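Given next, in structure tokens, is a single chain: the form predicted on its own.
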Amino acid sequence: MANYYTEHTLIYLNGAFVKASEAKMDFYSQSFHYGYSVFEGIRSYKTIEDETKIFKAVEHFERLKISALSLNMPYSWQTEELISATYEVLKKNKLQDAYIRPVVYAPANMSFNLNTESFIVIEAWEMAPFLGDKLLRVMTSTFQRPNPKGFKIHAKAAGHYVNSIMASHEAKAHGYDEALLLDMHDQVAEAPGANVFFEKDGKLFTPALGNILPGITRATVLELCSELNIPVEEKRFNKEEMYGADAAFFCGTAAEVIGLQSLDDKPFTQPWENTVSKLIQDSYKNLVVENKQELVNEISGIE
């Protein structure tokens, strides 16, 4: 089991920095009983200039706000206030390459009545890439991505992730590294904690918005495609369209960009090192550590 904190670890809890080992929350919280909370997954990196930089901090904390308000959770914090608090958490814990988890959670409330307040905690710890660094063997899950008419599917809500956990458990129980979920129309949606792209003839494809979480890393990949002149299309497609493709990858803040070896035991056909997907992986790594010269080299190398 991972060690997320020690007796010295400090977290930000409702405006104060407190020891993680001494922090308390109400066990009658709506969040604990019903999964009624929202969160973000954020990474910070040690840049090539030896600075600590939170990647796309504004975008993440703005999405936290959108998620909370989508679920009718009172939200009183300013984005810059939370970014400042997060940098302080990193500094106090002597972290640079870190995973950051802000959570907005509810007070004690056993009813389904609206709350008049919310609470917030910001935690950080060292974490390797969520899905490792080797090409993944993936299976199509028997679990579907939740119907967007049943949830605010664009919100990063804790309760949604029961679906993700079940799908991931199923895949690992069958000997795979991770799952791929379809939506209610049997179209490809996403991985349990990441978005998905596949590659054919130098072009990338990814599920359109609607039944997926609009990932910040996904948006970053689309930006990189534009900069690198890699054609990309957002569309609906079924899993069969991915079978026999040149390459595929998952992307997310925790997973970063990680390639797939196979889907349902059908291998992707091109060597990973020879694909534009690998170029995206390398460009993303250079972007987050602000290695601008390597990014320029990658862009000029394909022009």
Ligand code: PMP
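These figures come from a predicted structure and were not determined experimentally. Sequential numbering from 1, following the sequence displayed.
Just so it is clear, the following notes concern the form predicted in complex with the ligand, a form of the same protein that is not shown.
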Do N195 and the ligand share at least one heavy atom pair within 4.5 Å in the predicted bound form? yes
With heavy atoms only and a cut-off of 4.5 Å, decide whether G215 touches the ligand in the predicted bound form. yes
Since only the chain is shown here, I'm wondering whether G252 would be in contact with the ligand in the predicted bound form (any heavy atom pair within 4.5 Å). yes
Contact flag, E199 vs the ligand in the predicted bound form, heavy atom cut 4.5 Å: no
With the partner removed from view, which of 111 to 119, 183 to 191, 83 to 91, 68 to 76 is the stretch that lies within 4.5 Å of the ligand in the predicted bound form, judged by heavy atom distances? 183 to 191
Note that the ligand is not shown here; using its position in the predicted bound form, name the residues of 156 to 189 with a heavy atom within 4.5 Å of it, in sequence order. K156, Y161
